[in-house]
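Take a look at this single chain in structure tokens; it is the form predicted alone.
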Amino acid sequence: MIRLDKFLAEAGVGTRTEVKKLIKAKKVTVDGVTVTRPEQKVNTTDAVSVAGKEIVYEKYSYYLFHKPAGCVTARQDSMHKTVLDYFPEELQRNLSPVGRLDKDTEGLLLLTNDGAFNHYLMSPANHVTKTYYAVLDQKVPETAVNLFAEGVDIGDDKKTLPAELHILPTKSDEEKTTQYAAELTICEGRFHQVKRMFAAVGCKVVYLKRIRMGSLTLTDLKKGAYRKLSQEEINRLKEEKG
């Protein structure tokens, strides 16, 4: 059993103060009966509605989001659009990004209201892997493969943890412009780490996209779109270590 105001707040209807006002305004029903006491106990299986709309209880929510370039990984920002602006208002209240992607970086980002899950994925001790697709201004030297595997000096107190680098075949488009690309898998999240690692071997990142985190991939999710994680995906992530 759970208090009605807590049930509604955790379901993303509003803050505890906001949902108490809704309850006192007689806009909340439980199993078809109007309720006016915020402290009334309900089961998570009860039919709870607000202004005629049924509310599905979820203590924790987990979303995979395809972050576009140009928005910032933050709950709010006075200057720029945030990743949460792509979610409906009722979800924005509780969700927080798992780690961050730079403003100009695209790709896979998780958002959740499960603090322990967030901490687990971000803890360097758990080594949950993150894979990035990078387009560079020049070809990555073959020596970078072993260098990254051993850990590279990017100007911090310690070298990076071992990382896996795959140098992709060089391509040319219709205008004969040469494109150099690589995929890099790391298991930590230092400030601008991927860009700094490539800079350490003389390459500048001109485009960056996170394509995988642990066992999760973007698949066909369009930019700016999101979807809920399945319980199987959540369980797998909770058990993963790099």
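Keep in mind that this is a model prediction, so the values were computed, not measured. In this text, residue numbers run from 1 along the sequence as written.
This next part talks about the form predicted together with ligand URA, which is not shown.
Of the candidate stretches 57-65, 192-200, 23-31, 212-220, only 192-200 has residues whose heavy atoms lie within 4.5 Å of ligand URA in the predicted bound form.
At a distance of at most 4.5 angstroms from ligand URA in the predicted bound form, all three residues Asp102, Thr105 and Leu208 contribute at least one non-hydrogen atom. Using a 4.5 angstroms threshold between heavy atoms, Tyr132 counts as touching ligand URA in the predicted bound form.
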